[in-house]
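One chain comes next, on its own, written as C-alpha cells: the form predicted alone.
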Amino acid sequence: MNERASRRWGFLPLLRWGTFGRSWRAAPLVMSGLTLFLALLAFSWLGPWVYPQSPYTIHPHRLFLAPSLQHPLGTDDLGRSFLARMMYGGRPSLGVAIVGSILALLIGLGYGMASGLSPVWLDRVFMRILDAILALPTLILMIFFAAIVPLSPLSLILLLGLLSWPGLARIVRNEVLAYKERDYVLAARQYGAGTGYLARTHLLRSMFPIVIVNATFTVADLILTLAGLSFLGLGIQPPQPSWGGLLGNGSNLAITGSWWLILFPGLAILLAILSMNLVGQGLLNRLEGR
C-alpha cells in the first residue's frame, strides 16, 4: 500500500502483516483488541481439533466435576465436558453477532446514503421514519420477536441485523451531508459524475473509517444482546450451546456451588465485548488524532 493510499484509508496499514510490530506500537488498543478477538475465534473454531470432546455426550458418573487436568473447565449437571461446550458455544455467540452486524452495516449504510443524497423533502421523510424507529424499545422488540419467531441462527441474524441499523444510518446520513458539499465532490458533479458514482467513490471512501469504527461497536453490542437473549432462553436453543445459554444454565445451578459454570461463560462474553470495544476505541482515537 503506497503512502497516498495510507493517508486516505488512515488505519488500514495496521492490518498489514509486514508492519505488525510498528502497528502494535502505534495503536496498542487496536492490536490488543484484534489479538484477543482472534484468540476467541481460534478457541471456538480450532479448539475442537485440539480437544476433540463431544459437547453433547452425557456422563452420569461425572456430574459437577470441578476443573482438573482431565476436565480443564469441569463438567456440567449432565456430566458433559464444559470446555467442549464453551468451544462450541463460542461459534454461534460470535458468528451470529458478526454476521448480524454486517447485515446492520449494509442496511444502515444504504439507508443513510439514500437519505443524505436525496432532495431535502425526501430526506426529511427518511429522517422522520428513522426517528420513529429509533423511538421504539429495541430490546423489548427483540424479546417480542424472539418469542414468536422460530429460533435458529439464521432467524437471530435477521432479528439482530434488522433491529440494529438505525443508529448507524443516522451517522452515515450526517456524514453524507457533510461530505457532499466538499470541493472535490462538487467538482466531480460539475464534470458529470452521477449520484451512484459519487456514492461509490468519494463518499464511501471518505466515510469508510468512521463506518468501520461503528461496526466494531455494533459487534460488541450484538454479542451482549445475543448473550442476554440466550440467558433468558430466547436466543440459541439447546442442545446447541452458547455462552449466554451456558451462563443462564449456570446461574440456575449456582446453588450447587459449581462456580465454573458461571465464571467461564461470563468471562468469555466479557472478553469478546472488551476486545471489540478496544478495537473501536483505538480506531476512534486514531481518527481523532488525524
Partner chain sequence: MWAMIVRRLSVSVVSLILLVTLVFFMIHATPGGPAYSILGSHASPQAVAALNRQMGLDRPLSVQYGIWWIHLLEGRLGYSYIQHVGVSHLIGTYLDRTLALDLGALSLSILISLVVGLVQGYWAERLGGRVIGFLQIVFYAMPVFFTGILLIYVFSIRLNWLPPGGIGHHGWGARLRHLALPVLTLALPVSAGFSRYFGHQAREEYRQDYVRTARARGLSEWRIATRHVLRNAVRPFVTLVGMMIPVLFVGGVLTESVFNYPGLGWLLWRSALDQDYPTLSAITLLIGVLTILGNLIADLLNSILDVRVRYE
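The structure presented is a predicted model; accordingly, all values stated were derived computationally and were not measured. Numbering follows the first chain given and starts at 1.
Below: the form predicted in complex with the partner chain, not depicted.
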Exactly one of Leu122, Leu106, Leu141, Leu78 has a non-hydrogen atom within 4.5 Å of the partner chain in the predicted bound form; which residue is it? Leu141
Which one, Ile262, Leu65, Leu34, Leu40, lies within 4.5 Å of the partner chain in the predicted bound form by heavy atoms? Ile262
Which among 53-61, 228-236, 40-48, 66-74 is in contact with the partner chain in the predicted bound form, heavy atoms within 4.5 angstroms? 228-236
Even though the partner isn't displayed, in the predicted bound form is Gly196 close enough to the partner chain, meaning a heavy atom within 4.5 Å? no
Taking any heavy atom pair closer than or equal to 4.5 Å as contact, tell me whether Leu247 reaches the partner chain in the predicted bound form. yes
Report yes if any heavy atom of Ile269 sits within 4.5 Å of a heavy atom of the partner chain in the predicted bound form; otherwise report no. yes
Would Glu181 count as touching the partner chain in the predicted bound form under a 4.5 Å heavy atom rule? no
In sequence order, which positions of 61-75 have a non-hydrogen atom within 4.5 Å of the partner chain in the predicted bound form? none
